[in-house]
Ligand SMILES: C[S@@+](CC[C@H](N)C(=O)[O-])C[C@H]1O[C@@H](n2cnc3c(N)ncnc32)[C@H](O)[C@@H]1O
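Only one chain is shown below, in structure tokens, and it's the form predicted alone.
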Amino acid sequence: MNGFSAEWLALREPIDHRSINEELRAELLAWVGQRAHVRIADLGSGSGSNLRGLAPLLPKSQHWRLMDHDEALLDHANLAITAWADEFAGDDDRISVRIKDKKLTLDFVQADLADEPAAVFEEPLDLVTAAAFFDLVSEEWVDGFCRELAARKLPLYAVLTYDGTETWTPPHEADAAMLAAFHAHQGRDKGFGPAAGPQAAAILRRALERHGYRVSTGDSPWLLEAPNRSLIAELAKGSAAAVRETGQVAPEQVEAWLTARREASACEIGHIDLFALPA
């Protein structure tokens, strides 16, 4: 799967955390209930942002399997989580940390899930999570993953799946052409076959429902304004780079759009959160 830099993930983390759909998170926490211990696999875990957002809300005893193809990001996650924790002990592959009254055991698992979704389930689990992951994988991969998930009757909590909607302020004449080209790039193979891109949440929902899951979804948009200028500028830069690769927009138009967008006063990027329980 194509990689993401630790710097980009750190820049987006505060926005990710504040954008999570609270109703869907409440559904997850209601499912957790009074459990004393929970075992979680986090797909495409990156630098550990999803763990840092969720762990303080979950039971006092937690076992996380952070799974990513990028060994450097897993190393970064190890460092970032130990710096975030109140106490830690362990080594490169497994650490134990304390966050206030929470005790977490973490395994860092370097895995390429593209060929075998069942690798997610090599150890017993109670919950599978992912953030900003399913828009990168193919519909075929989603089908295989949901089949394996359903065979084990596990719930899925997937947040911040890109839904294809973008609104920039002020408008620019190239917005529509740039977005169409960006969507074309989103559909390219990210290592899992043709990516689901903006259709990912709908594809994931249909696959889960075919297996008898009860699925809830809710919006989780990024709402970016002047205090988020750095993220706006990096977002515009990344979008422009993707569009250039498609060749669908004239280079001078891409540059004009990028110049304007680096100074945009606001931007809304649509995402969808999903929580699914087996029947």
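Note that residue numbering follows the sequence shown and begins at 1. These numbers were taken from a predicted model, which means no experiment stands behind them.
This next part talks about the form predicted together with the ligand, which is not shown.
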Looking at heavy atoms inside 4.5 Å, which stretch does the ligand contact in the predicted bound form, given the options 149 to 157, 133 to 141, 165 to 173, 179 to 187? 133 to 141
Though only this chain appears here, would Asp70 touch the ligand in the predicted bound form if you measure heavy atom gaps against 4.5 Å? yes
Going by a heavy atom distance of 4.5 Å, is Ser239 a contact of the ligand in the predicted bound form? no
Taking the shortest heavy atom distance, is His271 within 4.5 Å of the ligand in the predicted bound form? no
Quick check on Ala114: any heavy atom within 4.5 Å of the ligand in the predicted bound form? yes
Those residues of 179 to 215 which, in the predicted bound form, come within 4.5 Å of the ligand by heavy atom: Phe192
